[in-house]
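Shown here is one chain on its own, the form predicted alone, set out as structure tokens.
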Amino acid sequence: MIKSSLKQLVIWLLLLWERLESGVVYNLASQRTRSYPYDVYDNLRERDPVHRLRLLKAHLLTSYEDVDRVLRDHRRFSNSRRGFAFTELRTLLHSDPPSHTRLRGLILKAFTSRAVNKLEPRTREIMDELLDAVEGSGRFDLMRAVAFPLPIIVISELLGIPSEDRKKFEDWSNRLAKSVEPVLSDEEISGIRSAWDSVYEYFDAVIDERRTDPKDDLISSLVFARDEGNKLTHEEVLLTLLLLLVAGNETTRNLIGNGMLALLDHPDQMKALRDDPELMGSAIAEMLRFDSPVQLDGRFVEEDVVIGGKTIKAGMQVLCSLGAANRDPKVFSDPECFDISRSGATNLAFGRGIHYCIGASLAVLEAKSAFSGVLNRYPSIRLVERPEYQDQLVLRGVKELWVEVTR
């Protein structure tokens, strides 16, 4: 009890220091910040766009220009010092050149746009099956009916995972996704480690199996990927599968949920999309901008650097707020407005530079199938109740999305 009270006092003092120093505070533990961070982002961007976070010993960047600059400059802003909370091993996401160049090149040999595009008919078919399962309901949770199962089914089939193992994969993915959060409880860390052990054991056996008995799936493609004599090691294949499992599930789920909520909150935009399906591409880009599935992306400073007139020392961490950058009024006119016909600057939801999301095309493909499937089947769809957001800072998405539909 005393230890807990002392910890809370330290946190309060650090936040007070932060506020006195800049006039504004970014409270990582605040439920209000987690449920709707955009007002906080606006305040930070206006008053202190390069903001010192005393709780994390880091700087938070909220302007589009600063975030874009950091994400493009992998030489001065490194990813290699980052890692998952449960292992010292490094994925593609946690590496810099030349290791990153080699890994990305080999992974792209297997994870080609051609391979992704081949999934389009099957993805539409899965959507029809998912909506058939709730046919006649009239009211259902769109997250549980569509946003949760669609990405996990697609990535499982792409990897060649048996359908009976999907529930395990969903559970592992949900727990592993917590590993990117800056603040974790002991219980969450325990859940992450347990999921990691299970995934490691599962894929360890599958990779060995594919080496002796290859199949027409992504795991086999990764195992046998070659580039000028280079190949992926056993652990590199395993870590890539782990990354695809988490990134290919959680973020796409949030894109579908956040995007559908935006359409439901803006019926004029939903009508515009119904009237002109050709707007689907720009609509998804606007969904990614308006309520980004990934809100924060971190880097470590390799050498002393000046950003926004502030010197950040080598070894310090910078957190790039993608959610704030995507609503920067200097770049996006009327950024609080959800406009599916918006053009101009591109959003930063999938990152920038060498770490641009390798699964971006797959996420967009799944989102297109999800929104087209729902809008084509239901001429009327409305929100039943306001959803709550997951208690997370980095990955932003709703827990449930109850809707009422007519066929």
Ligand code: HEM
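Residues carry their position along the shown sequence, with the first being 1. In this text the structure is predicted, and so the values were computed from the model without any measurement.
The form predicted together with the named molecule exists for this protein as well; it is not shown, and the discussion that follows is about that form.
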Quiz item: Using a 4.5 Å heavy atom cut-off, are F140, I153 and R274 all in contact with the named molecule in the model of the complex?
Solution: no
Quiz item: Can R299 be called a contact residue for the named molecule in the model of the complex at 4.5 Å between heavy atoms?
Solution: yes
Self-check item: 4.5 Å heavy atom contact, G248 to the named molecule in the model of the complex
Solution: yes
Self-check item: Exercise: L243 in contact with the named molecule in the model of the complex, heavy atom 4.5 Å
Solution: yes
Quiz item: F350: heavy atom within 4.5 Å of the named molecule in the model of the complex?
Solution: yes
Quiz item: in the model of the complex, which of the stretches 350 to 358, 376 to 384, 49 to 57, 27 to 35 has residues with heavy atoms within 4.5 Å of the named molecule?
Solution: 350 to 358
Practice problem: Just give me the single entry in A147, A283, M260, L322 that has a non-hydrogen atom within 4.5 angstroms of the named molecule in the model of the complex. | Solution: L322
Exercise. Identify which of I161, V199, L93, M127 has a heavy atom within 4.5 Å of the named molecule in the model of the complex; exactly one of them does.
Key: L93
Self-check item: Residues of 280 to 298 having any heavy atom within 4.5 Å of the named molecule in the model of the complex, listed in sequence order
Solution: L288, P293, V294, D297
